[in-house]
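Shown next as structure tokens: one chain only, the form predicted on its own.
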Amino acid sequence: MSEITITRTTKPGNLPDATKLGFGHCFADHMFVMDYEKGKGWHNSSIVPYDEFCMYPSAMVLHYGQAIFEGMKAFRTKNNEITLFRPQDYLSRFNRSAEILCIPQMDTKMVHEALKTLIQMDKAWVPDCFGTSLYIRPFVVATDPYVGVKVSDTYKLYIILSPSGAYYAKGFDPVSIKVEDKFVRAVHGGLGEAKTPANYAASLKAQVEAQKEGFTQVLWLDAVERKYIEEVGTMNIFFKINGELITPALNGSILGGITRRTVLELARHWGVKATERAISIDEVYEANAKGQLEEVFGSGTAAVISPVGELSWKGQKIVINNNQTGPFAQKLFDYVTGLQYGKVEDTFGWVETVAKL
């Protein structure tokens, strides 16, 4: 790995009260920065104080959206160790997003080492209450000062850190979700499986309207037939029907979630039939009518597991498990968070200790 130049802040901040942390509002003292230039590759690795940065008004990312990001977490365990959960899986997905957006591939081992160095410097920013974490946001933006549609020749990679509380204000309580039948987010062959700003911009209009109607999130259907379930705005989605766990198969328009993969691996390890396939909204409603829809929950890095208590589709509302958290969702939440906070033994090799307080 190339040497990282380190410039420490002269104005260190303080971690806010852990009980008052929201999500994504507060940032740690330092950030990692690395440059890319065509013909030179990724270079100039540095850790500098978290601050504003300069960019030309003509920078290509501002006009044509060539950008990607990731989201992962660091946790403080009961033994005051700082751990990461499946970091290489997240960084591999980062490179997959880069491939889709024509951004040069990164040496994930190098980025991994840089991330560990950054966390070791800012380990005091990892909150210590259960449910809190240090959210990690790597991202890449195209920086060519050129107003024209092409692949950029220069990029910047950043990693910023944000101490965060629970993702949802309601905590682990079941959420209400609107099944979107008017707007669409992604199509096969598009950007749906990439973590790129355009993906999330495409979801905003539907999300705003759903929240006005009292819903927490939107459940997207496929953009062609408006029939098959894809994912929730910030999560993958699971249905437990007649003892079987079902989630939409990755088809090019659904993000391959790391928590999604974890849920599938755990379910199969525990002897639960876990299936990845196309599932229609009609099938879900029919299963509910037959009394076979046992649980619905989302999975994602930010929320981990988010039980769904209500689904509303074309004005037809169904209540799942009496609007209570289901036993399987609870088991998954307890196990995954137990791994992350060092309360459960890691027999899968998913947890990495990167610092100790």
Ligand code: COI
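Sequential numbering from 1, following the sequence displayed. Because the structure is predicted, anything quoted here is derived from the model rather than measured.
Same protein, other form: the form predicted together with this ligand, not shown, and the subject of what follows.
Undergrad: Going by heavy atoms within 4.5 Å, which of 221-229, 134-142, 97-105, 208-216 lines up against this ligand in the model of the complex?
TA: Heavy atoms within 4.5 Å of this ligand in the model of the complex occur in 134-142.
Undergrad: Is G190 close enough to this ligand in the model of the complex to count, meaning some heavy atom within 4.5 Å?
TA: Looking in the model of the complex, residue contacts with this ligand do not include G190, since no heavy atom lies within 4.5 Å.
Undergrad: Hey, in the model of the complex, is Y200 touching this ligand, heavy atoms inside 4.5 Å?
TA: Yes, Y200 lies within 4.5 Å of this ligand in the model of the complex.
Undergrad: Using the partner position in the model of the complex, report whether T83 sits within 4.5 Å of this ligand, counting heavy atoms only.
TA: Contact with this ligand, no.
Undergrad: Classify Y335 as contacting or not contacting this ligand in the model of the complex by the rule of any non-hydrogen atom within 4.5 angstroms, answering yes or no.
TA: Y335: no, not in contact with this ligand in the model of the complex.
Undergrad: Here the chain is shown alone; which of A302, I318, M31, V61 has a heavy atom within 4.5 Å of this ligand in the model of the complex?
TA: Selected option: A302.
Undergrad: Exactly one residue in K240, R76, R260, K195 has a non-hydrogen atom within 4.5 Å of this ligand in the model of the complex; which is it?
TA: So the residue touching this ligand in the model of the complex, by this definition, is K195.
Undergrad: Listed by sequence position, which residues of 55-83 have a non-hydrogen atom within 4.5 angstroms of this ligand in the model of the complex?
TA: Heavy-atom contacts to this ligand in the model of the complex: F69, G71.
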